[in-house]
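The chain below stands alone, shown as structure tokens; this is the form predicted on its own.
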């Protein structure tokens, strides 16, 4: 959520940003905010003037009564003023609620380095790492390979739960755990605190952490409860300090969350739709940072470097792209995507998104920061990035490390988490 002072004092910055995003339909939202905010301030001034007048009359009444006089005229005036103040208070509450709800619609202000473009085809490649492997045999789809090896059962999962779910068996379940343990140990070694958060969130914190207008359709709602299954551990980690004042002396606060993730959408159909690439339920290790505003761009690069290092250790080729205005979403001021190489698709595919949300997310959550006992408070910045999502990482391993005899070579850094195994066979 944007600062109301920015909206009041520099609306042209927001207008230019909305045009850059091709989000002109929200220009009217901005104008409505400006109009309601002006009315709100005017109502507050009138209410303050009336309250001052009421205080004066109250003193007059006391003086008249003390002298034994008739204060009925002043009492009538007092009643009229009280009625008017009550009406103005109702108006100001309505206008404030209107402004606050509309502010939730406006997106974050983009960093100047975000490329302009309508969709992900306009994302700008920054660099590549690793050489995509060449194969002198026909690669099997990862789902077919997993079923041939007896390490996954997609059909039975489909019968009991529907499409987008799976049974991981034997070494594939072991590989899933190995990726989790590898990522958690790596991030703890970088100084991040491991968090296993609640797997459900109430609506109010969810409205703080993300744009429910864009996200609610992909979330699972618990029937009859004010609860949603989380789509990523980023969300409960961001909401952990909702409504609190964080100690700036403890910044940065670096967290790494582990959780299953639940999402209704699976995505566009494509090669190998069956399997692990697009699922309703998957495990993920997520990075999250609360920090001082002046440090957030430094930590944005740190989060990106952490994920890059993990994919390098796994030996999976990838590229980094700077996400364009039409693909970035409302919360982030800037976002990088890390895309791993998937040989069966013969292209890079997203495996991590690294966002600097500046003060936008924390402001929505009512999180402030300051010195203990101090009066001055600021809004911390929040940042997030996938460390490793196990599902797509497993697909990348099954494809990039597939052998002609149908076995899969386990990346060396994962073997200690799988009892020293070198092959899935």
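Residue numbers count along the first chain shown, from 1. Only a predicted model underlies this, so the values are computations on that prediction, with no experimental measurement involved.
Separately, the form predicted together with the RNA exists; it is not shown, and the next lines address it.
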Check, residue by residue, if 41, 44 and 62 all come within 4.5 Å of the RNA in the predicted complex, counting heavy atoms only. yes
Might residue 48 be said to contact the RNA in the predicted complex, defining contact as any heavy atom within 4.5 Å? yes
Taking the RNA as it sits in the predicted complex, is residue 28 near enough to touch it, meaning that at least one heavy atom pair lies within 4.5 angstroms? no
Look up in the predicted complex whether residue 321 has a non-hydrogen atom within 4.5 angstroms of the RNA, and give yes or no. no
Would residue 75 sit within 4.5 Å of the RNA in the predicted complex, counting heavy atoms only? yes
The stretch from 371 to 379, 28 to 36, 390 to 398, 358 to 366 that lies within 4.5 Å of the RNA in the predicted complex, judged by heavy atoms, is 371 to 379
Partner-contacting position among 93, 190, 128, 221 - heavy atom within 4.5 Å of the RNA in the predicted complex: 93
Give me the residue from 202, 156, 122, 87 that has a heavy atom within 4.5 Å of the RNA in the predicted complex. 202
